[in-house]
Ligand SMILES: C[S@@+](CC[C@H](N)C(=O)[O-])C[C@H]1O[C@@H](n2cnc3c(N)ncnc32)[C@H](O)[C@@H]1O
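One chain is shown next in structure tokens, namely the form predicted on its own.
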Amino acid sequence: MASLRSNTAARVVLPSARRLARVPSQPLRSVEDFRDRILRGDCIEQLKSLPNASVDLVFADPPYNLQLEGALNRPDQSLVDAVDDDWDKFSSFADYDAFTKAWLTEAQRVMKPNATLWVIGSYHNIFRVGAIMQDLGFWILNDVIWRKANPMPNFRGRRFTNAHETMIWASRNASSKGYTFHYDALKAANEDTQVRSDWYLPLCTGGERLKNSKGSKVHPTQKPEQLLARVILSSSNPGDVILDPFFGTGTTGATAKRLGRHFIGIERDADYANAASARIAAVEPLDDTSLVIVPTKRSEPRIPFSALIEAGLIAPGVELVDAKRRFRAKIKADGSLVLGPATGSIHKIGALAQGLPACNGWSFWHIEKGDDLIVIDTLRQDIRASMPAD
């Protein structure tokens, strides 16, 4: 997938905190009141202010509860800039579990019935998060490994280099069947190969990494926009509302805006929220033609084989052949095929000819035009192209 790098400069001038949208004292009633805003405050309390079933996608990068013990030094004794912020510290696993259950419960409430949730974490927390998700009724669709192209080395040499993070992708519950997944678009962008559940992407570096006036990182765990782009493009549509309850410096919001989606961010740290606000303001959305999604096969109108006969594209009595001309089946007037003593659909007869349990007859059967073969799915697409748009 092409890189979607931010054009934001490495050094960010932070705006006044007064510019950030705050939740008013009276509860807001519509998701439109929250769209494209950064809500300041505790994530659980702010989640409670959101309407039921109001968001299309959730991306959550919660505290990892790293349980660091003391400082970490490189071999040259320089200090590693590790995550030691207060927001990542919990008194116990029980405390962390209670926090996780609380925010996941609220996230589940605000998700639409066909919405999905992505949670990213490390080995410190992702297994606890996953178990709580299952306890709450989320239905896990995939675990995706973000394999880092440039991970931090293991300086002490007592463990394997920690070169990946895990993302859990889940629907709201086991009965949520209509969730968004752009399988065909992803496959088309991946050399017509199915996209795997291990994603090889670099850490956030260079000009994308936000830094303050002193040249220090604004946030220690800023995620790369490439990662969020793949999440958003795979599981949302233009115009959807994407919620990030741990907004940080706004990678979700910046990527969502560029890709024609709306965002709702929740962040309690003023410096992070201010940096996110400036970053998102500098983003230019892509034009509408760049955001058109490849239609899925399932979303296309159903065309029966008999429609090809009715349209005069194929005549009864003509024979269909496979790509190697090993099998020949005659077309009947009702749209069924005859092969020897057997009669059936293009799929059934295609499977029977090959001795297989199933067959996609649209891609298996061809018509002969002189020495050329034309797959019958081409004729089906011709009919679809002639149909009026919705």
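Quick caveat, the model's predicted, so the values are computed rather than measured. Numbers for residues come from their place in the sequence shown, where the first is 1.
Omitted from view is the form predicted together with the named molecule, to which the following refers.
A residue is said to contact a partner when one of its heavy atoms sits within 4.5 Å of a partner heavy atom; residue 361 fails this definition for the named molecule in the predicted bound form, lying far away. Although the partner is absent here, residue 217 is not a contact residue: none of its heavy atoms lies within 4.5 angstroms of the named molecule in the predicted bound form.
Contact check for residue 251: a non-hydrogen atom falls within 4.5 Å of the named molecule in the predicted bound form. In the predicted bound form, the named molecule sits within 4.5 Å of a heavy atom belonging to residue 269. Proximity to the named molecule in the predicted bound form, taken as a non-hydrogen atom within 4.5 angstroms, holds for one residue of 274, 221, 226, 236, which is 221.
Taking 183, 99, 199, 179 one by one, only a single residue has any non-hydrogen atom within 4.5 Å of the named molecule in the predicted bound form, and it is 99. Residues placing heavy atoms within 4.5 Å of the named molecule in the predicted bound form fall in a single listed stretch, namely 34-42, out of 331-339, 318-326, 34-42, 348-356. Using a 4.5 Å cut-off on any heavy atom, the residues of 37-64 that reach the named molecule in the predicted bound form are, in sequence order, 41, 42, 43, 61, 62, 63, 64.
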